[in-house]
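Before any questions on how it binds or moves, here is one chain, the form predicted alone, in structure tokens.
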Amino acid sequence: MSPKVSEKHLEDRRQQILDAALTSFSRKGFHQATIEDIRLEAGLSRGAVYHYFKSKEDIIDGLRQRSANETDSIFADVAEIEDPIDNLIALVDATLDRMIDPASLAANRLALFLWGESLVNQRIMHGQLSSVGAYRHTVEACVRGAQARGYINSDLEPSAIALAITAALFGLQQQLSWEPDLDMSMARRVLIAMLTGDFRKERAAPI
């Protein structure tokens, strides 16, 4: 009888495959990268990969869930902040910190590849929209809290504000996928200024 494989070993092997897939997909794109590329990158047998994932879409789901777990951790930390504007700024800051981390280079490239693939792959599209929807929902909750305290113009639709903020962040991620060495510090400052009202300079009084 073969020895029982521990849960930790199974999870470690699964993460090994996901790491290899992230590298392969970010290098070649979802369409061009193959299961063979992934298993070679992982240093495993083809059967080992298929034991955990039946298709490339299954692997993407696994990568997306791993990313969602990391995002949930950010949400949990931000939720501890009482002031709704500080809450929103902390969420944007944490998201940008994650994007500019050198370890996120492959993830930024993969995100761009997946948005392209989603135009012709409904399963990928559904997963992408679900991920963005969850993030936008959290931003919207922050906005509603700030509006309730009079910090944000209540005439503006919360969902539209969340859409604009999320789109700005995804746009910055796209820029980073093209130019990984781009200095995002000033872009961060501008985005925060737009959220806090520091973007507009008061006109000097006429002499």
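Basically, rigid core = biggest C-alpha set you can superpose within 1.5 Å across the two forms. Position 1 is the first residue in the sequence shown; the rest follow in order. Being a predicted model, the structure only gives us computed values, none of them experimental.
The same protein also exists as the form predicted in complex with a further copy of the same chain; that form is not shown, yet it is the one meant from here on.
- For the three residues Ser118, Ala160 and Asp198, a heavy atom within 4.5 Å of a further copy of the same chain turns up in the model of the complex in every case.
- Looking at Val92, you'd find every heavy atom of it more than 4.5 angstroms from a further copy of the same chain in the model of the complex.
- The closest non-hydrogen atom of Glu179 lies within 4.5 Å of a further copy of the same chain in the model of the complex.
- Although the partner is absent here, Gly62 lies well away from a further copy of the same chain in the model of the complex, with no heavy atom inside 4.5 Å.
- Taking the partner from elsewhere, Lys54 is found to have every heavy atom lying beyond 4.5 Å of a further copy of the same chain in the model of the complex.
- Although a further copy of the same chain is not shown here, in the model of the complex the stretch 172-190 places heavy atoms of Leu172, Gln174, Gln175, Ser177, Trp178, Glu179, Leu182, Met184, Met186, Ala187, Arg189, Val190 within 4.5 Å of it, in sequence order.
- Once you line up the core between this form and the one not shown, the Cα of Asn121 ends up 2 Å or more from where it was.
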